[in-house]
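In the block that follows, a single chain appears as structure tokens, in the form predicted alone.
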Amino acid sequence: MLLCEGLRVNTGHFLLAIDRFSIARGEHCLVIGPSGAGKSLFLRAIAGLVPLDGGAVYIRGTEVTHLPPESRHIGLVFQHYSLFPHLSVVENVAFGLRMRGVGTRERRHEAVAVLERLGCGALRDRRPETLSGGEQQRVAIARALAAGADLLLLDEPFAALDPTTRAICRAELRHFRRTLDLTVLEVTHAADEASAGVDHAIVLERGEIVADGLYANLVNDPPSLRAARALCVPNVFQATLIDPGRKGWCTVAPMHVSIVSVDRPTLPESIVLAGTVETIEPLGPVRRVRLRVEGPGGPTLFVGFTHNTTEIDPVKGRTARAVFSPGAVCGLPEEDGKK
């Protein structure tokens, strides 16, 4: 669906340098990284909103490097949805069709059809200022879809929403992506919050990709400490916590961590860390537990699981232990490179 090769954008004080990046049709890919890493610039370069100083962009197998944004048939949704305040919802959604010369009746019909598909047909005659944040977000996506976009570029589209509305909108986006066969490239600072249903992720640092792969693989086996932090990987800790003579950083995937009571027997070879229960989240037959473990480098939050038994009482503040195998521990180089 999308391929970037040798992409270069030089703003004078910042260089975006993407040697190669691709996502397949139907994928949802996260673009993650610290502020100033070039995430928004990357999306704007793909959309054709900034000129390239080198390289090429291909969409649906066709080079679009020199095409204007309106000819790329993509949707770009920003954190502030840029709806026209003087136009109704249906007029906002139909705007792209209007710019392409589609007649009044036809473009209204198409706009209403898209709004109905997204479950917001009742909003058609309202003005943007009367809409909630979640409603504005849905209208912005409807505008992109009405213009024929099957590739959505989302630049922190949920950041201005309250937590409950963000969760609802993310669930809706997952539904839209499946039912409408959309490909999504999303910039986010909240990788852990955005992770449900995500296929692919890249981590940008100083204008370059420092990690690229399946999201689950990157989280379970991050290539570096920087990537782990950007991906909000749980259970990242200084190696001295489990071995006083060991330097550097480590991580262990939550699925390998059992949270047990302090009096439960453990295998002799297991790593056992005592801490204080911070939260317990029921998840069917298991519970996800966050345990605060004090160490030489300060406290570390360990995420693990316990079965719904009497192993530990799900009360905040109770002492428990995180137990995992030494073989589940992954070393993390502080810089990118092979482990």
Partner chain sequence: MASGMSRGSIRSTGIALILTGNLLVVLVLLSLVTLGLRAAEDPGALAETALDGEVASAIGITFGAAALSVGILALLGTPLAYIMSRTRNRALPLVEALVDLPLILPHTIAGLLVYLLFMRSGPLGIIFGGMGLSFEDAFPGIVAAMLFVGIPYYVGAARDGFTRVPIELELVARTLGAGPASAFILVALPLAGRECLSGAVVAWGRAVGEFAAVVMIAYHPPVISTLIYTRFTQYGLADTVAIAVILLVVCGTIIIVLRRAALVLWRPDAPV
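Positions refer to the first chain, counted from 1. Computed from a prediction, not measured in an experiment: that's the story for all the values here.
Omitted here: the form predicted in complex with its partner chain. The next part is about that form.
Of the candidate stretches 259-267, 97-105, 214-222, 167-175, only 97-105 has residues whose heavy atoms lie within 4.5 Å of its partner chain in the predicted bound form.
Residue in contact with its partner chain in the predicted bound form (any heavy atom within 4.5 Å), chosen from R206, R117, H189, R127: R127. The contact residue chosen from P68, P282, P51, P296 relative to its partner chain in the predicted bound form is P68, the criterion being a non-hydrogen atom within 4.5 angstroms. Within this chain, F237 is remote from the site of its partner chain in the predicted bound form, having no heavy atom within 4.5 Å. Contact annotation: P85 falls within 4.5 Å of its partner chain in the predicted bound form, judged by heavy atom distances. Although the partner is absent from this view, W249 stays clear of its partner chain in the predicted bound form, with no non-hydrogen atom inside 4.5 angstroms. Among residues of the shown chain, L76 is one whose heavy atoms approach its partner chain to within 4.5 Å in the predicted bound form.
Along 144-158, a non-hydrogen atom within 4.5 Å of its partner chain in the predicted bound form is carried by A144, A147, in order along the sequence.
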